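As structure tokens, one chain now follows by itself in the form predicted on its own.
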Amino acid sequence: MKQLEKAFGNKLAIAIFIAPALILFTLVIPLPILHSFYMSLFKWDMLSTMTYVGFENYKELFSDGIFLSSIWHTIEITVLSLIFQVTLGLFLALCIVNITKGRKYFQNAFFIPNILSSAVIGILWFFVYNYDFGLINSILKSIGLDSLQQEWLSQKYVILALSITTCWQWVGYHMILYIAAISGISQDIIEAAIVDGAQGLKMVTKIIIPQIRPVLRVSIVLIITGSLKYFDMAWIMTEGGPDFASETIATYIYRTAFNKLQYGLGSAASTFLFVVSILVTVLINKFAAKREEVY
């Protein structure tokens, strides 16, 4: 123990222990980000000579209507993902946490979509939404609600359809987080609340949610950061269409950089997405930390 304390008091020893991780972190995280920002200052199609243009790519980016609409679509997906995944995940956790028989079955059943690849889920739900033989329209037709049949991946419904698919994939993951947090609440607190008359919705809003607030914060940060870089499902199911109706910032970056070979413009969009992600994460953590201090 004394030797360990001596080692932690030696600054040279601390530097030697930290150096490998620090070098690896510097190579893997900040350098690619800085390189992307550097590339955003050039016009380059990956074939010809790079031309320095300063911040022209950023001016072009914010005058592009498709990019501006992709920001709005990303916000829509983020808000819908928060609503669907947090509320449904919390509801499922509250239902399952008190089940004594079959609890593991329900946990696994809702968690299984999380272990499937996005490609599999994208193809699966592409057929579920199909107008002619998809599951949703088939059910509506079988119960006599033909008038409600829709082209679910049309411009009008595509963002909602993608958000539901994402919820199906990730709600089990957040449910498991909430179950673990609820299970960790002291029984003394629950019993004291029951004695004070807290039951049902009052128990959830006044006792359980405040007690699991740190886990909720982590869950919300994960959902928002995941939605900001939303790419795989939108690309697999619609390729950003129809008519860019499901174009997100991430699909815009891919289309611009690798389909149109406008690497500088794509790098500018990547830098914008990185800055927004950092700002949103910092703001959420600061806001949540203040609420926890108040509590």
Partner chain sequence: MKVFAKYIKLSPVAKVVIFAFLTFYSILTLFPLIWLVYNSVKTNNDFLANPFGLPQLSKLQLKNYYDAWVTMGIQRFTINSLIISSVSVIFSLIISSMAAYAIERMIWRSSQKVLNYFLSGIMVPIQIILIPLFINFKKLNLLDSRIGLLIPTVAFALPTSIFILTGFYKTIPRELEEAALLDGCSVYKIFYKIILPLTMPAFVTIAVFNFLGAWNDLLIPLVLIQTPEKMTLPVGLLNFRGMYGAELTKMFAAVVISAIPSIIIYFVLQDKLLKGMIAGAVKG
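Positions refer to the first chain, counted from 1. These numbers come from a predicted model, not from an experiment. Just so we're on the same page, rigid core means the largest C-alpha set that superposes within 1.5 Å between forms.
One more form of this protein exists, namely the form predicted in complex with its partner chain; it is left out here, but the text below deals with it.
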Self-check item: in the predicted bound form, residue 33 touching its partner chain (heavy atom, 4.5 Å)
Solution: yes
Quiz item: Taking 4.5 angstroms as the cut-off for heavy atoms, does residue 244 touch its partner chain in the predicted bound form?
Solution: no
Quiz item: Closest heavy atom of residue 205 to its partner chain in the predicted bound form, within 4.5 Å or not?
Solution: no
Quiz item: residue 107: heavy atom within 4.5 Å of its partner chain in the predicted bound form?
Solution: yes
Quiz item: Is any part of 248-283 within 4.5 angstroms of its partner chain in the predicted bound form by a non-hydrogen atom, and which residues would that be?
Solution: 250, 253, 254, 257, 258, 263, 266, 267, 270, 273, 274, 277, 281
Self-check item: Yes/no, residue 15 Cα shift of 2 Å or more between this form and the one not shown with rigid core fixed
Solution: yes
